[in-house]
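Take a look at this single chain, the form predicted alone, given in structure tokens.
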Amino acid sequence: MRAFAPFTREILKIDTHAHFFPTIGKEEAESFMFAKPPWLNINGDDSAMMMDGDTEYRLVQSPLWDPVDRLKEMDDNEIDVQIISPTPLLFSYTSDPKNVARWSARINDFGAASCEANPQRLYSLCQVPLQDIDQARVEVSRSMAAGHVGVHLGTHVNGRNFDDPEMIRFLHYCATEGIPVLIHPWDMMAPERMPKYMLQWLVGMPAETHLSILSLILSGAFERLPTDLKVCFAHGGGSFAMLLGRLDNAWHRHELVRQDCPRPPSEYVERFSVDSAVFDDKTLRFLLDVMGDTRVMMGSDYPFPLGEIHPGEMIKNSELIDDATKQTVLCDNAANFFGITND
């Protein structure tokens, strides 16, 4: 186990859902031979434009790529530790796996180097070429040996959900090797129906995450995977908690739903965790009631537009959550999940 700094605050805060983007310019990105390589167009005024090929994707600020600026904002927000993960735009699951293996190594080495700015406060998750499980296994093992504390995966690979045998094979490898997994929505469904109002984030992300969870439950994948697999779904698990009653009802009433799933969906909540990125304490209280106090950990989606403005404040100030649960959600669950200690 790695140890984080022995802070003296009454309740510590570990943010498990915070992103980074390497300082990769257009020329370097194009050298990986992707059709639309992601890259960072830095403006020189502490801002940059995330690029998807030649298309402007999102205006971002320097903490996304500069660990010194990141640590300053962590201080401002009283965040003790961040678990940083690659921005999902970087996954590149549609490209040639050999090129994506090199690309992932570049991303992961940047993440590990960023954590050297303060190894007691910054920990990184790696990404892998998930379209080729053999290469993904090689890269996740290399990255874990280099100091990463887990792997960051998208919710699907070119339309293949987590009930796909190859995806299950990778999760089995992670369980066997003791590698924590964070699954994040990306490449949202039906973009042609959601071109406005950030609907791909407001509707698509919760749906993608819900689909990813159900693909593991209803396919019986959780029955075949080791029980010590550590897997967490970002954005509060999407729509899952709110629709769990509907899922159980369908399981009891329809053979088609339960044909590969021997137990009601509600009996599988013990197999995974979610982050707290729901942005409302009533919703979080409900999420805790569904998932249990030990399976929700703080996550803010820092530093993006739909992230929590002051990470952890909603939990800290909630009158619906007792102090012991606040400590569990803000710190203890993440420390246990990622294997870090406060020594």
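Residues carry their position along the shown sequence, with the first being 1. Quick caveat, the model's predicted, so the values are computed rather than measured.
Keep in mind that the form predicted together with another copy of the chain is not shown, yet the notes after this line are about it.
message: in the predicted complex, does every one of 211, 256 and 283 come within 4.5 Å of another copy of the chain, counting any heavy atom?
response: Answer is yes for this spot.
query: Taking the shortest heavy atom distance, is residue 88 within 4.5 Å of another copy of the chain in the predicted complex?
result: Flag for residue 88 set to no.
task: Give a yes or no for residue 260: in the predicted complex, does one of its heavy atoms lie within 4.5 Å of a heavy atom belonging to another copy of the chain?
output: Looking in the predicted complex, residue contacts with another copy of the chain include residue 260, since a heavy atom lies within 4.5 Å.
query: Counting only non-hydrogen atoms and a 4.5 angstroms cut-off, does residue 136 reach another copy of the chain in the predicted complex?
result: Contact check for residue 136: no, nothing within 4.5 Å of another copy of the chain in the predicted complex.
task: Give a yes or no for residue 97: in the predicted complex, does one of its heavy atoms lie within 4.5 Å of a heavy atom belonging to another copy of the chain?
output: Looking in the predicted complex, residue contacts with another copy of the chain do not include residue 97, since no heavy atom lies within 4.5 Å.
task: Can you check 45 to 53, 26 to 34, 297 to 305, 60 to 68 and let me know which stretch has heavy atoms within 4.5 Å of another copy of the chain in the predicted complex?
output: Among the candidates, contact is made by 297 to 305.
- prompt: Of 266 to 298, which residues get within 4.5 Å of another copy of the chain in the predicted complex if you count heavy atoms?
  reply: In sequence order, 278, 279, 280, 282, 283, 286, 287, 289, 290 come within 4.5 Å of the partner.
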